[in-house]
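Shown below, as structure tokens, is a lone chain in the form predicted on its own; questions about how it binds or moves come after it.
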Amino acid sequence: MADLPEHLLKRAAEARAKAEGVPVEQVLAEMKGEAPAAAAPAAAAPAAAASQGAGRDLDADSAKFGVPRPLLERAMLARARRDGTPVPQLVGAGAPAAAAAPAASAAPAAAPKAASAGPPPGVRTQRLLTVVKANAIQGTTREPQDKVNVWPHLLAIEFVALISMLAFLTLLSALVDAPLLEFANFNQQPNPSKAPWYFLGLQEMLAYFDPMLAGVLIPGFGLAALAFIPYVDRNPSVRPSDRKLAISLYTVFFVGASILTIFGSFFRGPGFNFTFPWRDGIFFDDLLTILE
């Protein structure tokens, strides 16, 4: 019993002490084969001889100590090989399994050494070849994405652009005057009478289309189309190569509006007739005021 693991001995001793009502230390000393202080050393030898001669009932020991029979048999065989003593006879249900033990004990002194070359009968051993480090189930590296956070990337750029434009307008207003024209005189109307530059595209269309079409329908459909763009164009990509249709439509709209504004500003003279600015001059009061 001394070859059993300490935790098994302790568990068996606690179970037996609880059943018999004796101290755990006494049961542990008895299971380990340690003689009590009051007993003489010679008293253990006759008991051991009697136990070896009479045979060992492992089934009774298993029920008594609460230890499985295979563990008791392995401990008994290991202790016999270590001490070089004969293996005791086994009685009970497990006697045929250990019938070869007396024959092995009757062998010469070299028999225990030969038995120690391999595991005891009925014991299966396993050998660990190598330790393989397990890889992570989920990858730890992040794949690059063509997205950035609004703060600080986008808002920082917009803030710098806002400050730059404010500084430019402040400097321009300090260096260039933009005086108002004289009071309007209904008896003397300017010729040509042009709208501000941001409305000159619409005024230019009045030269080609009916006022209802040029002033109401076309601008109305244009504003409605701009409002519906986020609901129609659902492409999540931000690459120009994936947004060819949207870029083409915006380019056509931008170029068309720019041409109409340029024609209305520089190529329209008295009576809003077509003229060449390098031949007849520029008929645009706001622009002439700024240039002067």
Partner chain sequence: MADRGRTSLKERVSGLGDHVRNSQVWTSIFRPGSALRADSGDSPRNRAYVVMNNVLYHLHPVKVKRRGIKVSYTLCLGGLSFFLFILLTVTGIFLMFYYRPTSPQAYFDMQALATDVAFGQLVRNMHRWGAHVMVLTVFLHMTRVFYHGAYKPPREFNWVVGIILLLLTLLLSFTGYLLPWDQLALWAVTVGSNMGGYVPVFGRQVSFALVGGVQITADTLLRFYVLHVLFLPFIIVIFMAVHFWRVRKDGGISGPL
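Numbering follows the first chain given and starts at 1. A quick note: this is a predicted structure, and the numbers were derived from the prediction, not measured.
Form predicted in complex with the partner chain: not shown, discussed below.
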Quick check on Arg243: any heavy atom within 4.5 Å of the partner chain in the predicted bound form?
yes
Does the 4.5 Å heavy atom contact test between Thr85 and the partner chain in the predicted bound form come out positive?
no
Taking heavy atoms only, is Leu226 within 4.5 angstroms of the partner chain in the predicted bound form?
yes
Though only this chain appears here, would Arg79 touch the partner chain in the predicted bound form if you measure heavy atom gaps against 4.5 Å?
no
In terms of non-hydrogen atoms within 4.5 angstroms, which of the given stretches 23 to 31, 262 to 270, 231 to 239, 66 to 74 touches the partner chain in the predicted bound form?
231 to 239
Trp278 and Leu175: their C-alpha distance differs by 3 angstroms or more in the predicted bound form. Do they come closer or move farther apart compared with the shown form?
closer
